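This text opens with one protein chain seen in two forms, each one given by itself as structure tokens under the names structure 1 and structure 2.
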Structure 1
């Protein structure tokens, strides 16, 4: 309607159509294949427009993306005429992306949630980036921490770059803990006594003293159960086997971990019960498990500290949350898009992105690089929580059938979140319900 919404010129449309046809041919040549590797792009008859869907609406981040993209356009005028970053609200991201795919308007590149990763990888919706990234000069693919790639690869290829690999940590409200005469968790970390049981006891005592809440697993809210992975990983428990075919909710480690969580909420008063949300950053809780990037939400209204996740009976296990960037096979120019991705995430630009997103590259995982991005954290905190927090980290549960599993487990576990729940029985039920979904 208004000036900025004029449809593309006929010339451009013809070019786009031509490009679409050619990419269609490429796809058919690879056997309907969707996950065929991409190589060096051949120059299209006319430079193309690339589109990347993102869920950030932050001006500074979008400006950084655009400046990286502008450099690429300047270097490759024969390939690309523009790169657009399209913001879709976080809550509606998957809906919108799916509608675009279903409507035949796939973006060229997209940010992808970790929970969707296996589904995207297994479905063949994304192109294999490994050959291109390996052959790109100076990309240093082997610089990327191997554990960061696990979610985004299969036996055949690598389908996304995990641009954000953010460790989970424990934030503590030291004001509240001191007021309750409890030991500072940092001291327990130093003495090697920082365990989940210790955290629970401090949380319960502090909550009793403050009249507020104790330990909050952020964003769990008795719905998003996969966030409990930050706890049960300390028991070396997991919801299903590594290959995703066996339900392991009934394994002793998981039963023990879930009993601990249940009792912390319903007996010890260490965690807020269902129907009670407490925001640590608003000063409503003594401690919270969340990603370190949330430090920006602290406004200085209380003294705080951030420490690594506590150890469970099976020792300390690092957990990271991730997001990846992939190239859609159904996009109009997957080869050009992949080439842009190789530029967008090369060591130099990855360092720029590290200003906002904890990087997966070993060369960038040091307190100096991270300090710029996290001014509110000290070098020691960054070293302990981020640099060491990525080592051998596990991700939250993922599965190629995750959406259905997530919903089904959520419904089953609702039976667990009552005072007199029989943990083992609920977990047995959960397993019998999700086993068919795991086998699918």
Structure 2
């Protein structure tokens, strides 16, 4: 039976209109997902065309997607005539996507950022995939690591498949570190002494020796503050409570973590300051925190290694970045789109996608399988940073009002990125400003 074509709620449409004028996304809650879960699709009167939005422009990735899609088209000619992958630039992705929704031009499927997962799950814009995935022969929904589903489900259903669960790790330029006569981080990992303080000291000494940069939190650039979760998680800190209703920027753990970050940049010389761009993969820095999937950017121009995130005062905390694939209720063919999603993410195709996107399936989370898809990484590296890196991991911050929160926090934290900043005072002001947004 075909699923109901439910348009985005009025509040969602109003939020998208605001996004168009203020560059903010606000998907407001209107209950759970659509009331019409998808089932096995009925053959349409004629084969349909499906469209899926993505943010990658990587030709190899798009070629793989198209190959998987072409197999589906060949196997289901009565359902589908084509599947098109539409690339939207990363920085404009969510705003462009929700503008399409509001304008009545919803894609059939879309990638969704983890930070916006609560917004989309609560908005009613996505269909419930659980009945279809549970009933699809060979899909093995129970093979997906339960923690990987947390952002994408509620008590009523499952609204996206977490196609990428990519751990953050520390890439190190071992040439620069050796030249500065610093201890190899791998040795510190082995001895249990791999901590953020040790990483800071190595980064500062190496930067002084090389004239380049020390430790770069990739894609932070004093704008994308949520990427600092890869650091503050070592202090067991978080920007807001687990239920998203209370600001915790002022908690002692967060104050201590943000003080460490501030001092690493402005006192220790371990991190580049505002306005300084340094690309680890071009040899501009000794270390970088980024997702393991970035290993493909290494070109062999220097010796490197990859190690787990360091431990903080609260111990070692794994952090993952995640992205889901959802089916829009407002799309023209949600039942067919959901059937294609089941094909695109089944065990066989998930193994192919593992070449670029660490899979959420327990059966694929082993060094042997991942080594086939990631030839630039050794089995030991994959075991330490991918297989073990998803265990008990936390994601970057997510909230049902994340778009407004993200921009507001960024503006408040601007005051933190000066040499003489009062860290605790800035974080207190941040909580005062965002508390009303958390309570909406």
Partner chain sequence: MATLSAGNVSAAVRRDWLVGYAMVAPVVLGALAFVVLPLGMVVWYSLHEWNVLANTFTFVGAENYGRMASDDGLADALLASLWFSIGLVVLNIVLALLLAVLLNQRLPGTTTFRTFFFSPVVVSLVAWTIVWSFLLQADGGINGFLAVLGVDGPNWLRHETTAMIAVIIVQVFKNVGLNMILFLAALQGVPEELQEAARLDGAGAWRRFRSITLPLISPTILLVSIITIVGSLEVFAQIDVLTGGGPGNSTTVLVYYLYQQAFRFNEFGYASAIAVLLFVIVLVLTLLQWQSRKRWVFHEV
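Positions refer to the first chain, counted from 1. All values derive from a computational prediction rather than experimental measurement. We call the rigid core whatever largest set of C-alpha positions still superposes within 1.5 Å between the two forms.
J.: Form predicted on its own, is that 1 or 2?
T.: If we ask which form is the one predicted on its own, the answer is structure 2.
J.: I'd like to know, for the two rigid parts the chain moves as between structures 1 and 2, whether residue 149 shares its part with residue 245.
T.: No, residue 149 and residue 245 sit in separate rigid parts between structures 1 and 2.
J.: Across the change between structures 1 and 2, how many whole degrees of rotation does the smaller rigid part show against the larger?
T.: About the larger part, the smaller one turns by 10 degrees.
J.: Core overlaid, residue 78 C-alpha shift between structures 1 and 2, how many Å?
T.: Here the C-alpha difference is 4.1 Å.
J.: What is the magnitude, in angstrom, of the C-alpha shift at residue 93 between structures 1 and 2 when the rigid core serves as the superposition reference?
T.: It moves 2.4 Å at the C-alpha.
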